[in-house]
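Form predicted on its own, single chain, as structure tokens, below.
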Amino acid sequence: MRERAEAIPLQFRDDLLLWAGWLYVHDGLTQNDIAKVMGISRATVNGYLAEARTRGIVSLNIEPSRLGALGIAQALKQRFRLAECIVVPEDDGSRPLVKRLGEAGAGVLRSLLRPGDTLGVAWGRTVMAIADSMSHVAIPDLSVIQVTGGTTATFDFAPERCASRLAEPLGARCISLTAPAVVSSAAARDMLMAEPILREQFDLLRRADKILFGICSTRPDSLIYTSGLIGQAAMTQYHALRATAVVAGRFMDDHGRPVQGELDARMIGLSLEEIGRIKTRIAVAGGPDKVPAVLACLRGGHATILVTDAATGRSVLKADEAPEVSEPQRSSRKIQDMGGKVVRTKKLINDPKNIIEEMLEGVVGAHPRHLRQVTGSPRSVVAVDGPRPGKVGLVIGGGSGHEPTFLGFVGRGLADACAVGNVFASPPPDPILECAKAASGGAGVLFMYGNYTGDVMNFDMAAEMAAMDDIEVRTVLTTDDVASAPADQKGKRRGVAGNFFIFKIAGAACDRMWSLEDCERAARKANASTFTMGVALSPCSLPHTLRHNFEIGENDMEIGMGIHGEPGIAREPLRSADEVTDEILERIFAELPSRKGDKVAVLVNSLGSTPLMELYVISRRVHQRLARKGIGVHATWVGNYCTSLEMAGASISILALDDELTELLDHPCDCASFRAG
């Protein structure tokens, strides 16, 4: 410790934790500032504060009104299945609500927009308040487009003005619809919508990434009427149809169901159904007159994100007969210990709930020559030129988080289709069935996947469903992980990185138009000839938790750990690469049928974060050991083939070859992550 810059103040009586806590909480100093005052390092300050929190010396208090708003937001989010909900806390009423909603909406929108986005924008006072509150932050390649046609109205929040005003601080391209919002007849609307320029603008609008809108009530003094867009006769009609709310000029009843009136046929704008297809739908609305309208919008699922105020949120919940939100907690509580075992990991993700769909969108977009998604079944991915008449279809699949397994192995000469599950979770039966249908060429389908309970259950169900469609399915489980069960219980073993070899052999047999029986035989032979074992050095963390899924000491390793963190066979101090490789190989050699003069194929696989440098060091040792046994290496692969998110560690797989397996291994294939021949 350095010499202190100041003597410890008397009131702290040599209590360094209390002094650090006082400087942090009362004086509001940063950790760097505290380090200077106390004459210690920043790391020491961090440690002092962590200890102070653990001992309850430092605690976190949340201002009651903000805590209440948070509780309402959570209740709204859960009750109406919103992706997010932001509730503006109550204040003393000195600032207009629309302005406070505008500031909150601007903050939400700013955090959601991404380069290249297309943002649809409706109109109204709240939308304009958002535009007025938006800070200047240029977002590359952002397009802002009107959701409805324009008006000749003189009010300040007309559609054109809302879009252009919002586009300006964002540095976005503003696209104004070249048509009025309401025309004189349905025929005039149809004619205008057929115009190429308007058709092109609506094509872009329907593909918008996000849409921003306010929620209007149908009260006589509401904006939809005072704007002049709708006449008295139409008003009467919509009232008779029990219209309760309006979003982007479209009416809905108290349960959010579309209400079709005279205006709809003459309106140029997105329908409620089209709005509902836009993934992120941001509604900003508040005030006592908006409660029924906000409730209708939420009941109809028209918004995925809601920004409102505390009074409106509470009234909406009450109107929907939701349990009352508990009173704000006024006592202080200790915040979570920092610097202990609970570590929040870093990942480059957006919303964890969307990570699989976003990954699939990226994979298919990156490899359009190899992959496409099955129409109506986005979790089913098919090889572009794989399935064909008379060919056995090979369907693989499993949980995400092991990329490039399984997605990367879909392509001609390898798997015909892949069913994708959530992170470390089996795909449900439906996408597996769709894969079977897509891969079926009339000669049967082979299911192949790792031997895990959830996969077995769901693939078996899909096989039964396929049989009802007259598709014959055979199943081969991969069981190459020698650490997961004794040799005499190989049927209980898990399938891990050796999937690479087993899928490759099976895919080649299918591509050669072998019968279903012969494809199954070759797959089983490959599985019986493949042996894998891994070592883990550090844990992975799941996107939804950002927490380690297990803990391992900083100087330890675990031999034989599974790819989901399943326990291995030994946890030991970390040793050198050669020593670890030797230990793994000794267990594989104990079962490998190859003898002097035979040949094998080798896979040295990273579990996620171990770099090629270390993998090649391991590969070097594998070759040395095989050479000393007189076993030739026919081919070697080194890299990421079956990962476990960012887990550090590696696995070694060895495939014992005979002439048939060698020929199938060398058979050409072309998939997104692998090519041979």
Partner chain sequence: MTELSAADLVGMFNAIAAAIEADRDRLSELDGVIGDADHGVTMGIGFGAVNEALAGLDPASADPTAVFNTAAKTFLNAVGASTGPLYGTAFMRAGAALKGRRTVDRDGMVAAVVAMAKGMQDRGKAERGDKTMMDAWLPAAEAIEAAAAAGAPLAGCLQAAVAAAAEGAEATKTMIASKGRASRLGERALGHMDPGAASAVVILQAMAASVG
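These numbers were taken from a predicted model, which means no experiment stands behind them. Residue numbers count along the first chain shown, from 1.
What follows is about the form predicted in complex with its partner chain, which we do not show.
Residue in contact with its partner chain in the predicted complex (any heavy atom within 4.5 Å), chosen from 191, 349, 319, 265: 319. Just one of 370, 281, 391, 494 comes within 4.5 Å of its partner chain in the predicted complex, counting any heavy atom, and that one is 494. Its partner chain in the predicted complex is not approached by residue 586, whose heavy atoms all lie more than 4.5 angstroms from it. Interface membership of residue 457, defined by any non-hydrogen atom within 4.5 Å of its partner chain in the predicted complex, is confirmed. Of the heavy atoms in residue 545, some are within 4.5 Å of its partner chain in the predicted complex. Interface residue remark: residue 242 is counted as part of the site for its partner chain in the predicted complex, having a heavy atom within 4.5 Å.
Remark: of stretches 309 to 317, 524 to 532, 74 to 82, 602 to 610, the one touching its partner chain in the predicted complex is 309 to 317 (heavy atom within 4.5 Å). Residues of 271 to 305 placing a heavy atom within 4.5 Å of its partner chain in the predicted complex, in sequence order: 288, 291, 292, 295, 299.
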